[in-house]
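Here's a solo chain for you in structure tokens, the form predicted alone.
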Amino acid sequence: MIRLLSDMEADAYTLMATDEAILTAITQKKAPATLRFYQWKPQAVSIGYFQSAKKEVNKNYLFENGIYLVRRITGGGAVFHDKELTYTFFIHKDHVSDNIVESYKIICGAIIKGLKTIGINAKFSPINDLLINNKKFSGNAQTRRDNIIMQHGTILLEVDKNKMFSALNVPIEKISDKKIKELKNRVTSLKEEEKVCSFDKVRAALLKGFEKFGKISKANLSKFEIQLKDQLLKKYMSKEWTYAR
């Protein structure tokens, strides 16, 4: 059985604190395998656990535009979050694979399967991307704790590439206009590809894909998870965590 949590629309700190609280509950056998969908309000940039905030983001631009910055517990690169569907999936590695690339392929395979039901033909690109027409519209990241895989990722419904490349610390002043255009052309969204871009419709499609892992049943966060999430908020809001590297 896979627990499906109610959709959440929240700030970056709450979203990431919730992910870690759920992971902790599952590793302590206080919760089952879990799937959740959410949206980032307001806009945010999340950086990978091993990244340097100072190197990866344009801090002044974020401040001037009210864009939040948060460090994830997962690896991967910096991501600008705006008009997207984000999912997190928690499952024991025995139901997926111990191999990192293979586990990405299997979990992303559920996304591909689901999107196909609404006419979107996506392709897995190792290590952790999904492509439409050879352009990236979904990035994914993992962490593992006590044999539990936590994978989350984005499905870009729409994307403001100018804002994305301004928020992320791409040294565009040092590269040619042609190179900037090439970088922007590597990224796309469902809307840009003239595909359905409704959060609800994409969410419904992904649910069908994730059914490959078992029966999905609606449930809520436990009292333990809510309390832990509230405690973890201090960590995710702190400069010590954000600028740890």
Partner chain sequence: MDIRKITKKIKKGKLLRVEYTKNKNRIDHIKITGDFFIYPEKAIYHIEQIILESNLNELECKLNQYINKNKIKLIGFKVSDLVDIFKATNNKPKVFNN
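Positions refer to the first chain, counted from 1. Values in this document were obtained by computation on a predicted structure and should not be read as measured data.
Keep in mind the form predicted together with the partner chain is missing from the figure; the text below concerns it.
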Does residue 55 make contact with the partner chain in the predicted bound form, using a 4.5 Å heavy atom cut-off?
yes
Residue 88: touches the partner chain in the predicted bound form, heavy atom cutoff 4.5 angstroms
no
Just checking whether residue 167 would be counted as a contact of the partner chain in the predicted bound form - the rule being heavy atoms within 4.5 angstroms.
no
Contact with the partner chain in the predicted bound form for residue 73, defined as at least one heavy atom pair within 4.5 Å: yes or no?
yes
Can you work out which of 107, 130, 141, 157 has a heavy atom no more than 4.5 Å from the partner chain in the predicted bound form?
141
Do heavy atoms from each of 51, 77 and 101 fall within 4.5 Å of the partner chain in the predicted bound form?
yes
Quick one: find which of 112-120, 157-165, 89-97, 133-141 has residues within 4.5 Å of the partner chain in the predicted bound form by heavy atom distance.
133-141
